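One chain comes next, on its own, written as structure tokens: the form predicted alone.
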């Protein structure tokens, strides 16, 4: 079973290109012209979004039990 993670964005690096949202199979990320949003309840911890970010703005933090 893969480790459950919370995806976090480094806002200093992110330029809201939407690449992460475009590859997310469960629509757990929403990117608008001014904002990046993450929906933990939809995330399946596949890390595709982290790999897809062209500037390395995303990372995954392990979730504890019950989070």
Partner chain sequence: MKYDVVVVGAGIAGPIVARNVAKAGFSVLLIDKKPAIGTPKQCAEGISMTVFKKYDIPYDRRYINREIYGAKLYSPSGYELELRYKEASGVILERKVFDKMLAYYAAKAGADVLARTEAVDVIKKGGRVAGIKAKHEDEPVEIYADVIVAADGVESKIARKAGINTYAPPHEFDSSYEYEMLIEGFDPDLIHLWFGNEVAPRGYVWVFPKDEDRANVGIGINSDNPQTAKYYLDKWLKENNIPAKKLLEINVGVVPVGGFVKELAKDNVVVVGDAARQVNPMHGGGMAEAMEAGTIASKWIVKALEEENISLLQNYTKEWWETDGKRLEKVLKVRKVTEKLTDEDLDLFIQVLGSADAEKIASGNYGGVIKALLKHPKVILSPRRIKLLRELL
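Residue numbers count along the first chain shown, from 1. Keep in mind the model is a prediction, meaning the values are calculated, not measured.
What follows is about the form predicted together with its partner chain, which we do not show.
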| query | So, in the model of the complex, is residue 24 in contact with its partner chain at a 4.5 angstroms heavy atom limit? | reply | yes
| query | Any of the heavy atoms of residue 51 lying within 4.5 Å of its partner chain in the model of the complex? | reply | yes
| Could you tell me if residue 17 has a non-hydrogen atom within 4.5 Å of its partner chain in the model of the complex? | yes
| According to a 4.5 angstroms non-hydrogen atom cut-off, is residue 32 in contact with its partner chain in the model of the complex? | yes
